[in-house]
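First, one chain by itself: the form predicted alone, in C-alpha cells.
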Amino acid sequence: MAAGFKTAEPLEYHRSFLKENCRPDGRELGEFRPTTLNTSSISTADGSALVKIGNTTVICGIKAELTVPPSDAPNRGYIVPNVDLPPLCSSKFRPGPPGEQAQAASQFIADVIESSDLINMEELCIEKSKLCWVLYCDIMCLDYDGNLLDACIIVLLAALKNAQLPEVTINKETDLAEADIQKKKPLKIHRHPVGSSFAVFDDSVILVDPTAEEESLSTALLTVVTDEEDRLCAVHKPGGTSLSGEKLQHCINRAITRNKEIRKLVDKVTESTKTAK
C-alpha cells in the first residue's frame, strides 16, 4: 500500500512524513546521511579519494602535469576540475558529452577553489613564465542519490590533501625540467572549504542533505560553502523559490557546524593513511 502511494503521489507521500518532522528514510529534517571517506583509492593517481554520503558515491583522481604558466598569470599554476556524471551512476544521465548538471558542477567546483583560497596557486609555480604545475582533478560520480556538490567538495579536498608532487628543478645548462620522484612532498592546503546542501519543500520546509527524490520534489535547492574560520566562501542557488534572510542564516549556521564535522573526518582519514604508509 505504502509503495503504491509513494509511486502514485510522491509529493503527498513526503508531506505525510514532514508533518511528523521526519523523512521517509527515517532522518530528521536537519540530519545528514552517514558520510564515509577513503583516500589513496587510485594507485595510478598523484592523489585520490572516495566519499559516500548515504548512497551517493563520488571518486576523485588528481593527475599533476608540468606546463608553461598562462601569460596573464606568469607566477601561478592552476587547477582544472572536471565533474563526470556517467549513465552508470543514474538512469537520469545519458551517454555523450557532459550534460548541463555536470557542467554546472564543474564550474561551481572551480569557483569554490578560486573563492576559498584552497591552495595558493603561486606555490604551484616552479619558475616564473617558464614552468608550473597544473592539477587535473577528475571527479566521477559512481552512484547518484542527491547532494552531488557536497560530495564533490569533500572528495576534492581529501584528494588534494592526499596528493604528493615530486621535487622539480630546471637544469641551468640544458634549460630542461628535472623531476626527482624520490623526493615527493604534499600540497599545502591553505583553507578547508566544506559544502552543505539544502532542499526547500513547499516553499517553507528546509531539508538538509536531500536525496535525489527529495531534490526532484523540492521548490528550491541551496548549497552553502564555508571554511574553518566560519567564512562564507560560496552560495549556490540555481533558481527556485526565494528564501528569507532568517532561513538563509539558519542554513549558514548549519553549514558552519557541518564544516567542523567533515574537517574532523578528513583529518582522521588523512592521518590514518599516513600511518599506514
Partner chain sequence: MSIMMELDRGCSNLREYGNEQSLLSKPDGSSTFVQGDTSILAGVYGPAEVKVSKEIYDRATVEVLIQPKMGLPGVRERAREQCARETCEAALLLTLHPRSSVTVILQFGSLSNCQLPSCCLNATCMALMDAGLPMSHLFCSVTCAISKDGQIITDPTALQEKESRALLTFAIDSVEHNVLMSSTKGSFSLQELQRCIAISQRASEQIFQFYRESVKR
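Because the structure is predicted, anything quoted here is derived from the model rather than measured. Numbering follows the first chain given and starts at 1.
Another form exists, predicted in complex with its partner chain; not displayed. Remarks below refer to it.
query = Glu127, Glu114, Glu167, Glu122: which sits within 4.5 Å of its partner chain in the predicted complex by any heavy atom?
reply = Partner contact (heavy atom, 4.5 Å) among the options: Glu114.
task = Identify, from the list Leu29, Leu232, Ala212, Leu66, the residue with a heavy atom within 4.5 Å of its partner chain in the predicted complex.
result = Checked against the cut-off, the match is Leu232.
ask   = Counting only heavy atoms and a 4.5 Å cut-off, does its partner chain in the predicted complex sit next to every one of Lys237, Ser242 and Leu248?
value = Judged in the predicted complex, Lys237, Ser242 and Leu248 all sit within 4.5 Å of its partner chain.
query = Any of the heavy atoms of Glu100 lying within 4.5 Å of its partner chain in the predicted complex?
reply = Answer yes; at least one heavy atom of Glu100 falls within 4.5 Å of its partner chain in the predicted complex.
message = Against its partner chain in the predicted complex, would Gln107 count as a contact residue? Criterion: heavy atoms within 4.5 Å.
response = Answer yes; at least one heavy atom of Gln107 falls within 4.5 Å of its partner chain in the predicted complex.
query = Picking from 248-256, 31-39, 54-62, 204-212, which part of the chain touches its partner chain in the predicted complex when contact means heavy atoms within 4.5 Å?
reply = Contact criterion met by 248-256 only.
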